[in-house]
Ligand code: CMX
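In structure tokens, the next block holds one chain alone, the form predicted on its own.
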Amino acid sequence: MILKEKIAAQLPEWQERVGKLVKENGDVVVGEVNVSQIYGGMRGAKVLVTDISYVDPQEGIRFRGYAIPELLELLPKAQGSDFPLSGGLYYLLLIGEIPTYAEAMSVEEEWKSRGEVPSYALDVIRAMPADTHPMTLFSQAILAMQNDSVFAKRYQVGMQKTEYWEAMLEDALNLTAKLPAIAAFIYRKKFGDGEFVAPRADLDWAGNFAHMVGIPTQAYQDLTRLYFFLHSDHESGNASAHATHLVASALSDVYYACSAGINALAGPLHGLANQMSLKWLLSVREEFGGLPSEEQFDKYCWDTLNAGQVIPGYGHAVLRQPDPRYTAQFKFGQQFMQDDELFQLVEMAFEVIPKVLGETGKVKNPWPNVDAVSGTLQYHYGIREFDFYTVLFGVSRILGVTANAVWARALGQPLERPKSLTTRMLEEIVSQKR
């Protein structure tokens, strides 16, 4: 398997590099944690490491050092498409190198060979109550497949620590291979005819999702390729990535870890932002019976803020420029859905909202993030059930977290176990420093 061979070839150098860094510089202070961070969700605390992605304040997310615009040019494209193969992206996340078309297709073929969803996982979805949230179904289906974990079976009979990453890689490939089919079946079970649609041999991983969910157009296939690429990773500190890392650090397998990550993604403070942005745009359109004038929209934005509410989809904890993930999707909309009234509202929002937020004097970053447009694109192509949007997010995010999990085991990252303090201890520390 090309991924296993490539990682094995890199591993000795990485092990020596990390080992030397810790041994020779283990006492070097990297950052300090203050009381606000302790009580504020550890925001900004520098306590994690990943070489797979990094959020640059000016350029946005970088996958293995490459910016989004670079990768849209460099990654191999699906046949007849201008958008990257997900297999090429996964190769990049795992190996750290831009793959050739053949290398990207080797991952796609690996997925096809592992893509059959076990009947019991589908039966779990079928057995759940009709009003079960799609994210619950997604998490349950992933957890159900833990029964087939290569890591769990090999750990049970005994394997060397140096082999952990190989078993994690097997689980990662087996799980990711099945995600589009599982997600599409959840959609059809909840919102469609309830039938399971088999993937097509001539379609790639992302393109097959469009086929299986029942929107087999070239444009929607391209959107799935773009969407799964853009949402795949976002450092290790976001809730879904951190939850996955924490659970995997206990030597839980990929299925346990990813189910935990999906549960975190389901939280309203994490994975629901895209649907909140879309709901807000729909409320604007409903208020004015169509597209408002810029003056009307400006007033509506101020009314939202003055009512103590936020304008969803704008602002970012790290970025100080428009999110390049937004920009890529915005360009997609301009290319394929320029006549869509809701997308025209997205365009107007880009002209009006940053000015409004800037005038408040309270916003560090008034620019749109990825959530400001992603729901609108899905809505245009017929995926209008908001509860499903986070499942799409989850399919993509599991690419990043599984790549991180493989490398965490390869580098022997330990069980994550931070130290807790009592409030009284913190009060004493503060009093001593005054």
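As the structure is a prediction and not an experimental result, all values here were calculated from the model. Start at 1 and count along the sequence shown; that's the residue number.
Beyond the structure shown, there is the form predicted together with this ligand, which is absent from this document and is the topic of what follows.
- For V363, a non-hydrogen atom is located within 4.5 Å of this ligand in the model of the complex, even though that partner is not displayed.
- Among heavy atoms of I182, none comes within 4.5 Å of this ligand in the model of the complex.
- Although the partner is absent here, P84 lies well away from this ligand in the model of the complex, with no heavy atom inside 4.5 Å.
- Heavy atoms of A250 never reach within 4.5 Å of this ligand in the model of the complex, leaving it off the interface.
- Looking at 166-174, 201-209, 307-315, 146-154, the stretch with residues near this ligand in the model of the complex, meaning non-hydrogen atoms within 4.5 angstroms, turns out to be 307-315.
- Checked against this ligand in the model of the complex, the candidates A243, A273, L71, L137 yield a single residue with a heavy atom inside 4.5 Å, and that residue is A273.
- Contact with this ligand in the model of the complex, defined as a heavy atom within 4.5 Å, holds for exactly one of N369, S53, T390, S396, namely N369.
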